[in-house]
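Next up: just one chain, as structure tokens, the form predicted alone.
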Amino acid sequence: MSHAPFHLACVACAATFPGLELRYRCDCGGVLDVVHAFADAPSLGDLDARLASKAPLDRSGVWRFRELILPVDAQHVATRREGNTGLYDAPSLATYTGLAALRLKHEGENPTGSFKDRGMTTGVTMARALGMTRVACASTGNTSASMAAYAAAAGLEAFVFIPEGKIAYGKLSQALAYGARTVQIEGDFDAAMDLVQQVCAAAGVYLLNSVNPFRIEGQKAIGFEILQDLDWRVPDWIVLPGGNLGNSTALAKGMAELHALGLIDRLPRVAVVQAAGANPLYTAWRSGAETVEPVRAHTVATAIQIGNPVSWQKCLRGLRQTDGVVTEVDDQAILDAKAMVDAAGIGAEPASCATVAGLKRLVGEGVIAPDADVVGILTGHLLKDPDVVVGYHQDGLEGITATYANAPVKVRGALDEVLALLGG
């Protein structure tokens, strides 16, 4: 491609760059936005018509919205029919959080089990469009799983940098299985993130962490699909977890773009929920600070165990645009909410369930009204972190009370004993 119908713009200083220039940050160090011309923006009717199409791009819950996401030549697109995830009515969880009704969008139903696939399809597509042959990321799990799968499908070589210490093996196993070269370093996620950026710059490898602005574009489709699920009716609130803050950034950006195009008549309010042990955004929000200061992160919700979120500036912008809020919940609240999500037959990894725990707090504090129209986002699959599930239900997690434990019951195997158990 010699020209693109979009360009890059710095969030900090507003400097602009060509859309196909290989860069992740501005010369000033600021993060970048993809700014679209939207010359060929589709109508809502056009988007709905694609739901009946069998064309590969239309079957994707990202590329169905391609003019609004990333208008590139179809030959470059790397897709695994990502998206198209369920939006579930959750009456038991509505009761648990204090709402009259609640819907949950389950991004754990993506091909590799998390919302990351939406951003990875666009990130890997840009790698191909730019002629790159190697990609890399730092990851505590979901990003590496997604990148490894999409790189393998696209014929690219993948490198994953993971921090030492607690890693969810349900996620790491995916990166290994999909063939990514995995490098474990001393230090936490933020140290791995610093190193991978240096490696990519020095070795000509394409960086696919969420500092890559094209990842954010794919993740906008979560919001687009929620609205399409609701026949383009805008809910009062969309609630989601916050780690590196790319998802909340994408959600607000996409909604603002739809509103500017006249495709929706108002913006939903956005609530970001952080783990109390990884809460730099919440700390800044509560104090009214203009910048987010890094913290040393520690939480059972490993997918949001990030102390120095790369997208904080764009996230704050989006929260202001949507009259949003930020809250925090501790690990006990996250795991109790997870037990309720799982018991509803929906199931999700711990970080996802910060959404439900945060909702419970926000409704209890009167921030979200009990009769509000609310959609919560669950970001990852239940089996991403099975050790936490078993540990909780067997009351084996340090510092956590198994409030809603469903422990296995041991019997000798005699029929009368089992029948007595069933009768009880």
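Bear in mind that the values here come from a model prediction, so they are computed numbers and not experimental data. Position 1 is the first residue in the sequence shown; the rest follow in order.
Unshown form predicted in complex with a small molecule; subsequent notes refer to it.
To verify the annotation, which of these, I222, L93, A149, A138, has a non-hydrogen atom within 4.5 Å of the small molecule in the predicted complex?
Selected residue: A138.
Heavy atom within 4.5 Å of the small molecule in the predicted complex - the one residue of T143, N212, T97, N110 that qualifies:
Of the candidates T143, N212, T97, N110, T143 is the one lying within 4.5 Å of the small molecule in the predicted complex.
Just one of 254-262, 316-324, 239-247, 285-293 has heavy atoms within 4.5 Å of the small molecule in the predicted complex; which?
Going through the listed ranges, the match is 239-247.
So in the predicted complex, does any heavy atom of F189 sit within 4.5 Å of the small molecule?
F189: yes, in contact with the small molecule in the predicted complex.
Does at least one non-hydrogen atom of A278 fall within 4.5 angstroms of the small molecule in the predicted complex?
No, A278 sits far enough from the small molecule in the predicted complex that none of its heavy atoms falls within 4.5 Å.
E349, heavy atom within 4.5 angstroms of the small molecule in the predicted complex:
Judged by the heavy-atom cut-off of 4.5 Å, E349 is in contact with the small molecule in the predicted complex.
Answer yes if any heavy atom of V341 is within 4.5 Å of a heavy atom of the small molecule in the predicted complex; otherwise answer no.
Answer no; every heavy atom of V341 is more than 4.5 Å from the small molecule in the predicted complex.
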